[in-house]
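Let's start with one chain on its own, the form predicted on its own, as structure tokens.
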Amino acid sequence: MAQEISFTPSTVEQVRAAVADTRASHPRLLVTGAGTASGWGAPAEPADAVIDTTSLTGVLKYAPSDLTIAVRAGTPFTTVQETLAEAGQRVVLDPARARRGATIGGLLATADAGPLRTAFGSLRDLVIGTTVVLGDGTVARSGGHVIKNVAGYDLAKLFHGSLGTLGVVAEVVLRSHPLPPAMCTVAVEAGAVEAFDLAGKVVMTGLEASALEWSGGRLLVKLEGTPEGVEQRERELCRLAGATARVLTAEEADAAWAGVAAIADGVQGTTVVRIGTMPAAGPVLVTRMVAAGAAVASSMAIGVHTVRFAGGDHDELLTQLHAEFGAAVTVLRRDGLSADRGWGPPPAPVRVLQAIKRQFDPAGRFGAGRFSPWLEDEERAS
């Protein structure tokens, strides 16, 4: 049996060498970063070697006029934002894990996003180029540094949410946006069903909210843009929402959004899952989860709900959620789950996932167990 070792490459070439040189001696690899999502999905099986990307850092190229930035995948997301902020720009993404040091590669591999997903999507929509290293040491690139360049195989979308099972993400080219000149958060006291109705009206009336998140008995609406535009939409929103609407101070807004992030982060002893639904199914789900004692942060307009349960054994609850929502349930924190719990029964499209795994990692080198039981046949066949 191979002895587990760890590699800490700092360049694409060092990643390539670490992967290629261990094909025979250490066939099973585990890709790690800052470790902020180690509990996501199903538990990884023991590997022969670890590819630690935390030294794979740094900005490779930044072109403010082109609104693009290329970074090594182990670069912390906050470092990217600090670099962009110096030129008045940002990557429009606000994952909760950012404050704990999450890396760009880790966020891509987990398909993570925060409340801004309502208006701007996830990294799937913000990555325009990637460089990855496959199991035989092949270095593959797609996209580039130009936003309109869409030629070639789109590796970013394949690796988005792959949990390190296809290869090592080594470099990422991101699209940036200008920082908004003004922003505000309006909080509306509302139960879940009422908030869903209001969120629908906010969308239909064209108020262009950047984030619409219900949590803790109130709907948080973030507005961004020019000072005049934000002020006008703020007044329209308050008229639409009624007497319980209130514009938060900057400090109150920071605290409110930190509370939303805390639900996704969880704390010791909690189980956190993220559930995707059709928007119409949201009110029943959120009402049921709140009645069961869970803390909920719901991006109501797009049907993404983060649910945190405290204390106890949550295996039966996860079984129920898998039966109802299938593959749309992702475990983010597993303190209340048995060690082997992760994904539910394989969904119909799992054959596509298996085919992609065979195509990109035919030797089954990367991330064994992370999609258990969906990829077990491919991992055993290697």
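Residues carry their position along the shown sequence, with the first being 1. Treat the numbers as computed from the prediction; the structure is a model and nothing was measured.
The same protein has a further form, the form predicted in complex with a small molecule, not shown here; the description that follows concerns it.
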Next on the checklist: Taking 4.5 angstroms as the heavy atom distance cut-off, pick the stretch from 100-108, 252-260, 120-128, 308-316 that is near the small molecule in the predicted bound form.
Outcome noted: 100-108
Checklist entry - Out of Pro64, Gly58, Gly326, Gly35, which one falls within 4.5 Å of the small molecule in the predicted bound form, going by heavy atoms? => result Gly35
Next on the checklist: Considering non-hydrogen atoms and a 4.5 Å limit, which listed residue (Leu174, Val168, Ala96, Val186) is close to the small molecule in the predicted bound form?
Outcome noted: Val168
Next on the checklist: My question is simply whether Ala44 lines the interface with the small molecule in the predicted bound form - judged by any non-hydrogen atom within 4.5 Å.
Outcome noted: yes
Item to check | Partner proximity in the predicted bound form: Leu332 to the small molecule, non-hydrogen atom cutoff 4.5 Å | outcome: no
Checklist entry - If you check in the predicted bound form, is Arg370 within 4.5 Å of the small molecule, heavy atoms only? => result yes
Checklist entry - Does Ile69 make contact with the small molecule in the predicted bound form, using a 4.5 Å heavy atom cut-off? => result no
